[in-house]
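Quick heads-up: it's one chain on its own, the form predicted alone, in structure tokens.
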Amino acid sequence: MKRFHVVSEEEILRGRVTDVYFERTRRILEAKGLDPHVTMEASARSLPRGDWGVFCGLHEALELLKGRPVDVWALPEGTLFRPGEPVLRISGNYREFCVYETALLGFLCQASGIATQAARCVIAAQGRPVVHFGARRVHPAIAPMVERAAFVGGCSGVSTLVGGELLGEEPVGTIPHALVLILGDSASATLAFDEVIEEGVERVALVDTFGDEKFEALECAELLEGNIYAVRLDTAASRRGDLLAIAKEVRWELDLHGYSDVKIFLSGGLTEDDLPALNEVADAYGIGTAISAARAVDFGLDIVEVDGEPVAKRGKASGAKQLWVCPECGHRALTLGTEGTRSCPDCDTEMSPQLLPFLEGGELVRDLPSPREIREYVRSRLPESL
């Protein structure tokens, strides 16, 4: 009996994480001697919030399909997409990959939802770093995936050891309230942190466990004279009152006492809607549940061709498609995938195809960028405001 309610990589690769009707479909086709060549496309009719999403989860999808006789075209991971636009296309004999539809959609739907929400928080923060603190809100088995998706979506850092290891980044975090409670006060915990933890870790004092945030901030700034980077306010909602007013008061007192270089880090149940007002005083944010528990993007993976003939269920456009974007004015258009180059109808610039080949006959044909490279790609393409 399993100790934890999770599946292994081997079970995913064997197609065990599939809705039973896909396995029954495979058996029926096998019994009838049928194995049609199909093309399937993933797209979302709508998005949880707003009119764009961040495509994420491609790396795992490719790992699942590598070595199988299929071709995969997709948006590069981190590409912004809109409702109705294909993000992934798979071509091959249906029996080769039909049992993987459940897992493929799971990879894409959840990761894209998290990356999209992270990106929205990054936009709302208007240039202030956003660190992902949401690993504790998800099953630990998927924490690395969640942290990667948050980082790809634009977060400056993640908090877990495994998340940092997956990304090749140092995890971010200083001390919890637990250490303050055990050592008796914020000052003792801050001093212990400074004495024990290596110098490369920024000194951020947690200043809201027992006393007034203003006085604890000043005390910790004085204790770590010249060696404190920031103070963190994570004040419980039952004691918070007006977080903006509290942060302003802390900022005023720090400046008044010569600590204008000490930054203010805010966390504790924040959402993208909270950030615009807090930007007045905050220098950085820690955001957890609002990112890690983001609604999944409701992708569907639908057949659009069978044995070379365009066909699709009601409500879906048949035929393999290509998404084009004008690099000059941003105009977007869908065409059949067999069509060649296309000029923008608005400015006559040559448009760029967005779906690119990643697997040919199961072989990877394109280098995959690092998470940091994907994150910078995302950040460079985000709109300035929500």
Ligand code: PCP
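These numbers were taken from a predicted model, which means no experiment stands behind them. In this text, residue numbers run from 1 along the sequence as written.
Although it is not shown, the form predicted in complex with the ligand is what the next lines describe.
Engineer: Is it the case that residue 133, even though its partner is missing from this view, gets within 4.5 Å of the ligand in the predicted bound form, heavy atoms only?
Structural biologist: Close contact exists here: in the predicted bound form, residue 133 approaches the ligand to within 4.5 Å, heavy atoms only.
Engineer: Hey, in the predicted bound form, is residue 85 touching the ligand, heavy atoms inside 4.5 Å?
Structural biologist: Taking the distances in the predicted bound form, the answer for residue 85 is no, it never comes within 4.5 Å of the ligand.
Engineer: Do residue 96 and the ligand come within 4.5 Å of each other in the predicted bound form, heavy atoms counted?
Structural biologist: Residue 96: no contact with the ligand in the predicted bound form.
Engineer: Is residue 232 close to the ligand in the predicted bound form, meaning a heavy atom pair under 4.5 Å apart or at it?
Structural biologist: Yes, residue 232 is a contact residue.
Engineer: What stretch, of 250-258, 103-111, 120-128, 286-294, brings heavy atoms to within 4.5 Å of the ligand in the predicted bound form?
Structural biologist: It is 286-294 that comes within 4.5 Å of the partner.
Engineer: May I ask you to choose, among 79, 160, 267, 91, the residue with a heavy atom within 4.5 Å of the ligand in the predicted bound form?
Structural biologist: Contact residue from the list: 267.
Engineer: Within 4.5 Å, heavy atoms only, which of 300, 176, 310, 276 is in contact with the ligand in the predicted bound form?
Structural biologist: Result of the distance check: 176.
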